[in-house]
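A single chain comes next, written as C-alpha cells; it is the form predicted alone.
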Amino acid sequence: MPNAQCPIPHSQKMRSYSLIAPAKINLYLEIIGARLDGYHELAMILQSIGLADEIDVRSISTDTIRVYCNHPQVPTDKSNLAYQAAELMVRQFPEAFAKYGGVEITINKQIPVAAGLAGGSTNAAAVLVGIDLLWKLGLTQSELEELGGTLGSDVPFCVAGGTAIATGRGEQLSPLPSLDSIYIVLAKYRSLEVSTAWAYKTYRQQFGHSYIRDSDNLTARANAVHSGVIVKAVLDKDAREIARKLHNDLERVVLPDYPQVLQLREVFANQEGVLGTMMSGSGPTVFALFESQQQAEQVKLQVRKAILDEDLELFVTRTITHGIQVASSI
C-alpha cells in the first residue's frame, strides 16, 4: 500500500478537483429474501437529494493517501470508505498511481453522519470520480459504478444519482426519469445512530419466515417492482401518489425499538402540507415530502416547535436529477 518514499515529478503537482456528493433517500425499500452471499435480496427506489458534501481530491507529491474531514465523528483512516475508494484505485491502476502519485482527500461534511442517507457511500463515489479525472483514466460511468459496487451497495447509485430502481443487494440499477423539485424536510437526532447490520439482522430474525426462498421467484419478485404502482407514480412525476406509496420494510424493526424515530414520523404525519413521511434506509433519518419549498420551510419550523430538543437536526432540501458533479478544478 502507499508509503511516503517516492517523490512525484513537479509537473504532476497541485492538480485538484472539487466535487459535489449528494445524499440519497429511499422512496421504497422491500426485503424480498436472503442471498447466498449473506446479503438480502432487495427492491428499492433510490432518489438523490440536494443535501450534499463537498469533496476535494488533490494530487500530492508523495505516494500516500491522506483524508481530512471537518466532522469529528468521521474517521480519516482506512476505515473511511473514501480512503478505501482511493486504495481501490491504487490497486486497480498502479501505473497511473506511479505516474501521478498519491491523493489528499478533504471532506466538507454537510450530510449527517450515520443517518441512512448514504453519506459515506457518496463520498467514496466522489473519490472514484475525482481520481479518474486526476489520473486521466477516462473511465465510463458504468465502469465507475462497477468499481463502486466492490466498496458498498449504495456507491454505484451515488455515482450516477437521479432516480433509479435498485435490485440485488442494491447495486443493480435501472434508471428512471429523474424527479426534480419535490421538496423534502429531513429530521435526525445528532446523537442517535441505527446500525444497518442490526436492522437487517433483526428483520431476518423476525420476518425471515416470510422470505422468498426459490431463486427464480426472487428474481421474478425483484423484476415485479418495475411495474409497481410507485414506479408508475415516478414515471408520471406525481408527487402526491409517490408520497402515498412510500414503503420501507425496515420500519417494522426500527420504529418499535427507536421511539425517537417513531415520534419524528408521527409529528411529520400530523403536519398540514405533508404529502407523505417515512424513515430513509435503516434510519434514523425521517423525511417528509412537499409540493413547495414554502410548505417545507413552514413544517420545519412547526416540527422545531413541537420537539424542543437541541439534538434534533432539520434540513430543507429537494430531489435532484444527478449524482456526483464537478464543482471546480485547478
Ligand code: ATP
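A residue's number is simply how far along the shown sequence it sits, counting from 1. Please read these numbers as outputs of a predicted model, since none were measured by experiment.
Note that the form predicted together with adenosine-5'-triphosphate isn't included here; everything after this is about it.
Legend entry - Touches adenosine-5'-triphosphate in the predicted complex: residue 109 (any heavy atom, 4.5 Å): Heavy-atom contact with adenosine-5'-triphosphate at 4.5 Å: present for residue 109.
Inset, instruction - Look up in the predicted complex whether residue 163 has a non-hydrogen atom within 4.5 angstroms of adenosine-5'-triphosphate, and give yes or no. - result: Although adenosine-5'-triphosphate is absent here, residue 163 would stay clear of it in the predicted complex, with no heavy atoms inside 4.5 Å.
Inset, instruction - Please run the contact check for residue 150 against adenosine-5'-triphosphate in the predicted complex: heavy atoms, 4.5 angstroms, yes or no? - result: The answer is no: residue 150 has no heavy atom within 4.5 Å of adenosine-5'-triphosphate.
Inset, instruction - Using a 4.5 Å heavy atom cut-off, state whether residue 167 contacts adenosine-5'-triphosphate in the predicted complex. - result: Residue 167: no, not in contact with adenosine-5'-triphosphate in the predicted complex.
Legend entry - Answer option from 210, 191, 79, 227, heavy atom within 4.5 Å of adenosine-5'-triphosphate in the predicted complex: When adenosine-5'-triphosphate is considered in the predicted complex, the option within 4.5 Å is 79.
Legend entry - Stretch in contact, per heavy atom within 4.5 angstroms of adenosine-5'-triphosphate in the predicted complex, of 167-175, 234-242, 86-94, 121-129: The contacting stretch here is 121-129.
Inset, instruction - For the stretch 99-118, return the residues whose heavy atoms include at least one within 4.5 Å of adenosine-5'-triphosphate in the predicted complex, in the order they occur. - result: Result: 107, 109, 112, 113, 114, 115, 116, 117, 118.
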